[in-house]
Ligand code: XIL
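Only one chain is shown below, in structure tokens, and it's the form predicted on its own.
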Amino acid sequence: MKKRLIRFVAAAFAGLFLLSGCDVLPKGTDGPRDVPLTIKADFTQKEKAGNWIKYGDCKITTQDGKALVTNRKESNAGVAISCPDYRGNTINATASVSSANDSVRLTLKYDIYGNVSYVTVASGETTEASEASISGNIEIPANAENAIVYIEGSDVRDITVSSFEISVVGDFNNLTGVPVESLADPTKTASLSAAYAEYFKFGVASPASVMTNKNDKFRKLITSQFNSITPENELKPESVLDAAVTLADPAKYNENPAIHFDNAKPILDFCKKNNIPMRGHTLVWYSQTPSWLFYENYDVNGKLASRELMLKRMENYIDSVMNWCEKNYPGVIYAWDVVNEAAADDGGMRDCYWKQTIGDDYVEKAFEFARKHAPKGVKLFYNDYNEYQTSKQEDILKMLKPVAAAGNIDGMGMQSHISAGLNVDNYVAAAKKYADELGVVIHITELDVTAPKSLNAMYDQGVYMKKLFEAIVAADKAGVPIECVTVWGLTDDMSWKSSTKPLLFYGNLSPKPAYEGVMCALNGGEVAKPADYQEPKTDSTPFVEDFEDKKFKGGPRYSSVQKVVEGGYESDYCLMNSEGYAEYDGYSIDVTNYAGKTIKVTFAIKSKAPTCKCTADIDGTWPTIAEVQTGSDEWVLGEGQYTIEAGTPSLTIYFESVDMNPFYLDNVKIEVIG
């Protein structure tokens, strides 16, 4: 998984408010009523009248045409725009913000058959002194209701919003007044957990809204298909720490912050009632942990707490959470993710509040406290993403070997947010290495597989899932102690990566070819080709792009943003790539039509980053096609060759910088040379 954040919010916003000063769909277009194609927040007007609403626990004042978001009690509190009529469309969300938070995000929230889903649209680094433009595109599922996009921060510091708008991308699909799709009967689908009972638990991540939903079909999907549950957000520190109580009397709670389980009780009750064991997720994490926890007197405007104080807070929190759950729901939680995502993407340990206040040994201390206070028989896990990458695996092993030597860890949680380009042999080899070198069991904890951008995306995803689960089962038979496989979400529409269709069930609860592939891995047979299957085609026509028509054929990788700007290499225009979470958020081009061919890629590029690369998007390896030295305002030419394996259902290449600096791209040419 690339960096991501998901938020639990108690309040749900619904409804449509007056929209003034917007571009409107002309009368006569199919659909029951006219719909604005752009919604702009007007901060000279009051809430609702100005096309904006307050989101979460915060205070919003308007001044000089800007919104000042203060008194933010949680990092997800901010300004929102409601866009319920945009369901079934791809939208662009753009905001100009300044903030003392390290970063600010645009997040899409919607209801899906009574459940709540959150999807990150875009993120950007921010400072208090200058404005940052944050922009991204996202697809809203056709069955979504009450959609809103809100601005949130990485911390609870103030946010100033200068502009904020949402617009429809491409042709508008007017679904206003069109009812959502009917749900399938999940009990008619053969059980995954029953099929795999001989090998491992088959689990699912679920929000607590499923348990309180008036529609019981989602609960029936869980009880018929899965025998392990992970709460999506309800046991993360931000949901468990009681901000109101703690901050009202910081002296009383100085060493032991107040906690509550209001958010988690529905899912704990469901597990207890239905005798489904739960994975506790998660105790210590750099994200979704309120920043006030790390400060003296819980005051984010003061000094960071001492190591001694933070060790007391950490131990007391771990003790309180573990034992409240065991006392009130004995035997329900069989495993805890003690520490989540402590390894950095660029090597070493991630810089975070835990590391800043306690030190590099905070992971060891967390496991020490967890072992001391864990109920008997509960297993303790470390959990991370990109855990199958060789370099990151080595960092994780280095970090965990002292923990294992002390006898304080039982398992490795391999998140496994992957694409259909990941080599399955390398993946199971990584699982075996964790088991062998740490002496632990393996849980695949957050599995989802991005559907390939191919002619037969769902079918190709199903074929890959068969291959993946054949490898997992073979590894299990060969002695790799894989005890649980958990998919991260019930349906595509409920996924935090909903646009990539990464799960086993469609939004209406019917099984996908991905589900079929998982079953074929055990039962034999092949994934059925759909009636509209298209034979993959190869094409040797060169790809040429100089941006002189002010358009581009490729698109963003993850949350990067592209736009055509003046100042081309040999002409008027070029492409600028900016924003995103990390250096690998770049400009992506589909080269699937060159399958079985050797291609030559040439381009001109410039950036303040010292190095820029053209990379093949193959999960787990990401081979470099071309690398050039940049670092100035001068254009640099690059070229490289790459052979695309025959039969590849989907492959993209992408351009990236080695840091977060924007880069400028021009004169891109991809041609077949063999």
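A quick note: this is a predicted structure, and the numbers were derived from the prediction, not measured. Start at 1 with the first residue shown and count on from there.
Beyond what is shown, the protein has a form predicted together with this ligand; the following relates to that form.
In the model of the complex, this ligand sits beyond 4.5 Å of every heavy atom of D585. In the model of the complex, this ligand sits beyond 4.5 Å of every heavy atom of K453.
The closest non-hydrogen atom of E232 lies within 4.5 Å of this ligand in the model of the complex. Contact check for W488: a heavy atom falls within 4.5 Å of this ligand in the model of the complex. Exactly one listed residue, out of D460, E74, E315, E341, brings a non-hydrogen atom to within 4.5 Å of this ligand in the model of the complex: E341. Comment: this ligand is not present in this chain, but in the model of the complex one of F603, F200, Y118, F543 has a heavy atom within 4.5 Å of it, namely Y118. None of 135-143, 586-594, 533-541, 283-291 except one has non-hydrogen atoms within 4.5 angstroms of this ligand in the model of the complex; the exception is 283-291. Heavy atoms closer than or equal to 4.5 Å to this ligand in the model of the complex belong, across 376-393, to one residue only: N383.
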